[in-house]
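Here's a solo chain for you in structure tokens, the form predicted on its own.
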């Protein structure tokens, strides 16, 4: 099985990079991508957990905003982790998350909700990129909600009055950076309408012109009709079709390898990187 979208405690997952690889092994995953939000901090630890039965695809999920303010996530896989421009984009995106979180906490507190920035930091693992899941965990700890999913449903969705966007590269900028660093770019869950506004079919033309390699079609937040539309787009534009779990660990329903990528599609995607960077032992 091939799972090309997972998260660890280096961003907003609950499993350490080492534990994530072990869980993938136990699940039967043969090719695992580690794609923490705007970070490559978990790469080295994940590599230490490798065994001959599994190979590791190093990457990151880059938070983007279109020019009209729609949130888009771009998976960068197999890029050179030493590329300075790529690391600068990731760093800049991480830096904007602190003021964003401060504003969200202020909005919640203004409505009498029991939360503070210190509560959020206490719920954020050391070295992790702070994000909404950590705010959700803090709300659970404070007894405001019972679980993460409830926090996102009622307080933290993109449509919530408490949601605050943050400065981010455009999807085109992210793709250009990923490709310049030798990697491949796959747009994550592009039609996940339950998350808020989504991009239009026409958007894919600009993304392809920038060098988009693939579309994450098989994802739990996209229904059968949305998956079929994305499949048709991928075929029309000669893009690779991927599937993945978007696994975050406990507190989120996504199960490891609940959606996977066809081996032939993965082979086609990997061949488009400028070097063979899959990590094996």
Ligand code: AMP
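Residue numbers count along the first chain shown, from 1. Not measured: the values here are computed from a predicted model.
Missing here is the form predicted together with this ligand; even so, the following discussion is about that form.
Of the residues given (106, 149, 82, 95), 149 alone sits with a heavy atom within 4.5 Å of this ligand in the model of the complex. Checking 248, 220, 227, 30 for any heavy atom within 4.5 Å of this ligand in the model of the complex turns up a single hit: 248. In the model of the complex, residue 179 stays away from this ligand, with no heavy atom inside 4.5 Å. The shortest heavy atom separation between residue 131 and this ligand in the model of the complex is within 4.5 Å.
Of the stretches 107 to 115, 141 to 149, 199 to 207, 180 to 188, only 141 to 149 has residues with a heavy atom within 4.5 Å of this ligand in the model of the complex. Taking a 4.5 Å heavy atom cutoff to this ligand in the model of the complex, the contacting residues in 67 to 105 are 73, 97, 100.
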